[in-house]
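Okay, here we've got a single chain as structure tokens, the form predicted on its own, with questions on binding and movement later.
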């Protein structure tokens, strides 16, 4: 559980760490939109995914996030990836046949659809890891609250929602550490989480979930009591010691994101295919 980096802030003095949290939230949303663009051909889709992967990798290097950390965070996803592959193979499809086994046909489309989902999941997890690793939870709260300020006109609880999101992100690493601690404690008492029959694994999971659930309730109650003891009032007027400042580097970064997003929108609308232009059939 300690290998999962989602939600963990890593203090460094990199360029991405110094960027405005509002910009990083907007950049996350923009890149998420880019990931779900659909282009004219499969080859163009994978080309764009490759370009996005290179950009995200460069951002990870700037933020000093190791690639091995991302791979370790993907471990819990392998079961879901295998499940998606099986589902896509079993769903009736059309197109070219990749392989035929005893009359059962596996189509190229099934493999490509699974690859689409896997690549999107990896890219989205990478972007989320960059955001949470380079931004303090309190800065995320301020950024979200500022971006949702127009919703105050319709009496939307902006501060409460941003605080809830911030607390949820803050407690992800705490809950992961608590899960790891409970697993070690239960393993020392003879509980086997890896081997055994299905019935034994269900009992092992129950022995993990129930203490974790109780611990989560206790922690949330302690947090609520601490906030109440310090006079926290969500509807009261609040002041801040630290002010968010928009700098030149934020403007340049925003311009870079706008250029990439605008280029991809143009490619998607015009159905431009670089491989067809070069006469390459894939």
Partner chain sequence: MPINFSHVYYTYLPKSPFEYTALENINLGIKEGSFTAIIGHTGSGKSTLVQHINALLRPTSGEVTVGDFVISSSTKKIKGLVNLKKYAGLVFQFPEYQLFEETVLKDVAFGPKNFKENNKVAFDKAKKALLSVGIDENLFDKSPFELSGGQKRRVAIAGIIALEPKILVLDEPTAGLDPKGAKEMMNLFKQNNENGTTIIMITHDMNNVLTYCNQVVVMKKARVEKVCTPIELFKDDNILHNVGLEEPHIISFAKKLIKKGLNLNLNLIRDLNSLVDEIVKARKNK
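Just so it is clear, the structure is predicted and the values come from calculations on it, not from any experiment. Between two forms, the rigid core is defined as the largest C-alpha subset superposing within 1.5 Å. Positions refer to the first chain, counted from 1.
If you look for the form predicted together with the partner chain, you will not find it shown, but the lines that follow are about it.
Only one of 168, 80, 210, 87 lies close to the partner chain in the predicted complex, with a heavy atom inside 4.5 Å, and it is 210. Screening 164, 151, 206, 91 for any heavy atom within 4.5 Å of the partner chain in the predicted complex leaves a single hit, 206. This chain is displayed without the partner chain, yet in the predicted complex the stretch 181-189 from 138-146, 181-189, 152-160, 168-176 comes within 4.5 Å of it by heavy atoms. Residues 109, 263 and 266 are none of them found to lie within 4.5 Å of the partner chain in the predicted complex, as judged by heavy atom distances. Contact check for residue 10: a non-hydrogen atom falls within 4.5 Å of the partner chain in the predicted complex. In the predicted complex, the partner chain lies within 4.5 Å of some heavy atom of residue 214. Taking the partner from the other structure, the partner chain in the predicted complex has no heavy atom within 4.5 Å of any heavy atom of residue 225. The shortest heavy atom separation between residue 220 and the partner chain in the predicted complex exceeds 4.5 Å. Relative to the superposed rigid core, residue 151 undergoes a CA displacement smaller than 2 Å between this form and the one not shown.
Comparing the forms between this form and the one not shown, the C-alpha position of residue 216 differs by 2 angstroms or more, with the core used for superposition.
Relative to the superposed core, residue 139 shifts its CA atom by less than 2 Å between this form and the one not shown.
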